[in-house]
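Let's start with one chain on its own, the form predicted on its own, as C-alpha cells.
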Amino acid sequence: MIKKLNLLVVAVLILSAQQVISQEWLVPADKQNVKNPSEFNLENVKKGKEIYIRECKSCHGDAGKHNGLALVPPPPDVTSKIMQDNTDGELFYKMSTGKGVMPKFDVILSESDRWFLVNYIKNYNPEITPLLVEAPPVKANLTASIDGSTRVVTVSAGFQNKKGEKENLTETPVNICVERAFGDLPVGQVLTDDKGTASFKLPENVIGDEEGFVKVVVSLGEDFEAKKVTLEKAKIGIPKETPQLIRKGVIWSTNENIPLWMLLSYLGAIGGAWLTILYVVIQIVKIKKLSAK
C-alpha cells in the first residue's frame, strides 16, 4: 500500500513538473526585438484598450485587479511582471501564435490591432510613464426615446458635478444596440452635442421578431456608471422568418396541423403502453399474493 502511495506521489510530482515546463513560452530570436510600428501615444493606447476589453478581458480580467479566469496556466494580469517582462516583439509574437487555451489572434485580429494591444499592455510598464490613467467611472444619467415612424432614437445624457449641479455630458459616445438572445448587437454609436443630446437613425435592415418588433438598448461607455435604457417593442424591424418546424402546415408544428389518423395512432400507442404497464403491475401483485399463501 505504501509503495503504491509513493508511486502516486512521484507521478503527481512528475506531472506538476511537466506542467511548469510547459508554461515556458519561448519566442524565436528574430521575433524578440521586433519594433512596434504603431506609435506609443494616447490614441493608440485607447484603441488597444477597446480591443483588450472586447477580445482579452474575459480571460485576463481587469488590468491591475488580478481577476482573470482560473485556467491552467492562469492568464497573467496586464500589470504583472510576467507580462511586463516581455518585449514588444515577444508580446506581438505570443498573441499572434497563441498557446494552449489562448487562441491564435493572427486569424482573429489584424496586424495593426495586435500592435495597438501591445501599446495598451506597455501602458502599464513600470518603467514607462502611463499615457492612459484609469479613473473611477463617472456617475451619469441617461434617457432615451424612439420614434417608430422615423426610426430615430433620441438620447439625453448628463451627470452631477462635485458641487451637486447637473451638467450635460458633451462629446460623449453613446452606444446603440439591439437586444438579442445571446447579448446586445451593436448597430451604431453617436456623440452627444453641447446640450448632452444626440439622435441616431436605426438602419432599415435590423431584424426584429416574427412581427417586426425590436428592443433597442442605449448605453454609455465603461467610463460612466449609468443604467442602460431599453426601449421596448419598437415595430421598426424586418419580421424574423418563422422557424421551419413551427410554420403553418408543417406536420408536427401544432396539433391543428397533424392529420387526425396520425394523432389517433399516436394516442393509441401511448394508451397501449400504459395498459401494458398496468397489466404487468397487476400480475406482479398476483404473484406476491400467491407466494404469501
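In this text, all values refer to a predicted model and were calculated from it rather than measured experimentally. Residue numbers run from 1 along the displayed sequence.
Another form, the form predicted in complex with heme C (HEC), is not on view; read the next lines as being about it.
The partner is absent here, but in the predicted bound form a heavy atom of Pro74, alone among Pro74, Gly212, Gly188, Gly221, sits within 4.5 Å of heme C (HEC). Screening Ala135, Val107, Ile128, Ile82 for any heavy atom within 4.5 Å of heme C (HEC) in the predicted bound form leaves a single hit, Ile82. Contact between Met102 and heme C (HEC) in the predicted bound form is found at the 4.5 Å heavy atom cutoff. A residue is said to contact a partner when one of its heavy atoms sits within 4.5 Å of a partner heavy atom; Cys59 meets this definition for heme C (HEC) in the predicted bound form. Among residues of the shown chain, Asn86 is one whose heavy atoms approach heme C (HEC) to within 4.5 Å in the predicted bound form.
Within this chain, Met95 lines the site of heme C (HEC) in the predicted bound form, having a heavy atom no more than 4.5 Å away.
The stretch among 36-44, 50-58, 261-269, 221-229 whose residues place heavy atoms within 4.5 Å of heme C (HEC) in the predicted bound form is 50-58.
Annotation: in the predicted bound form, residues Leu142, Phe159 and Val217 none come within 4.5 Å of heme C (HEC) through any heavy atom.
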